[in-house]
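Below sits a lone chain in structure tokens, taken as the form predicted alone.
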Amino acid sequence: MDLYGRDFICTQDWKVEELMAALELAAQMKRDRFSDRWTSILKYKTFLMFFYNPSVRTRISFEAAATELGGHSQFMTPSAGRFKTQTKAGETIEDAAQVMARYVAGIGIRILEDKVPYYGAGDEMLLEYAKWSNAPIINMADDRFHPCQALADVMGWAEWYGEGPGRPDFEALRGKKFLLSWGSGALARSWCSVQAALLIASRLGMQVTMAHPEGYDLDPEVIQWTKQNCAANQTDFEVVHDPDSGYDGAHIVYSRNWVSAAAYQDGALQKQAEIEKAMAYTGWTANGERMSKTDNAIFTHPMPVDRGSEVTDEVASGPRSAVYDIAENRLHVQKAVMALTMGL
């Protein structure tokens, strides 16, 4: 399957067959991590990592991925260049993208909620880079989507319902119940990871339930895509507004905090107001009692985990927690995406 030169900004942009090609390659790479088959795919090639927001897993996993493919990763922040913004003159995306693409084999960009003036501005930036860059743009998390996290998530779930690490069974996920639940917490998180999880779960044939308090609706377009994905797979999508009922019969539980739909005012994320609003809701923590209502569900989370708020230690560190396996899978799915889009 020829994916060379393709951008990876949202999983919804790729066909299911294309996503499966990346996932199957990632599983092979995990099973035989340092095989000579992979170590020269990006030989002498550079992957530019453009970070507006800091990261632990994203930076380390992408740097390791480039190294293990025989390439080089280059770290850059906006302060390292003279870029045009709403408040100062500088280089346009059109100019920057076309020049960067002449130096590197691919460009990864990470821009999240507190670095944009309104919801969707980060994703718009990535699309603008994709418009002008001849090198593929990989979304390392923007304010709408986190596609690499979505692939790592679903690979981890399929490993748990398959034959273990590196041996996922994606067909085993069909018909399984995926619960995405808003979680208590004071981190004012963006929508990117949870929306990416909704899209990948619904795309691969899972029953989807979303639970959140009133006022914490997600992007209407993403919800519409989720409904369409479920309809195409003849599965159900439901939304509940209590913290308990969604756990009944669930196979995968994902509990995470996210900001309200009113998070942006006057050109900025109202972080403190969002934290105060979220802290007013109690009782939205994944715990052992709620997990006991599931069908022996696994617990999933993209990390960092807000322990004690989103989920108790009993669950996050319990025998059915997939969080570390999924964190590891960031490396493998990113290697696969980079190999497929930049490797010729």
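Residue indices: 1-based, along the sequence shown. Note that the coordinates shown come from a computational prediction; the quantities given were computed from them, not determined experimentally.
FYI, the form predicted in complex with phosphoric acid mono(formamide)ester (CP) isn't displayed, but the following is about it.
Query raised in the report: 284-292, 32-40, 51-59, 313-321: which one contacts phosphoric acid mono(formamide)ester (CP) in the model of the complex at 4.5 Å, heavy atom to heavy atom?
Result: Result of the contact check: 51-59.
Query - Selected contact from Arg110, Arg203, Arg144, His251, since only one has a non-hydrogen atom within 4.5 angstroms of phosphoric acid mono(formamide)ester (CP) in the model of the complex - result: After the contact test, the surviving option is Arg110.
Query - Lys335 within 4.5 Å of phosphoric acid mono(formamide)ester (CP) in the model of the complex, heavy atoms - result: Looking in the model of the complex, residue contacts with phosphoric acid mono(formamide)ester (CP) do not include Lys335, since no heavy atom lies within 4.5 Å.
Query raised in the report: Ile275: heavy atom within 4.5 Å of phosphoric acid mono(formamide)ester (CP) in the model of the complex?
Result: Looking in the model of the complex, residue contacts with phosphoric acid mono(formamide)ester (CP) do not include Ile275, since no heavy atom lies within 4.5 Å.
Query raised in the report: Is Asn139 one of the residues lying within 4.5 Å of phosphoric acid mono(formamide)ester (CP) in the model of the complex, judged by heavy atom distances?
Result: Although phosphoric acid mono(formamide)ester (CP) is absent here, Asn139 would stay clear of it in the model of the complex, with no heavy atoms inside 4.5 Å.
Report task. Considering only heavy atoms, tell me if Ala64 and phosphoric acid mono(formamide)ester (CP) come within 4.5 Å of each other in the model of the complex. Result -> Residue-level check for Ala64: no, no contact with phosphoric acid mono(formamide)ester (CP).
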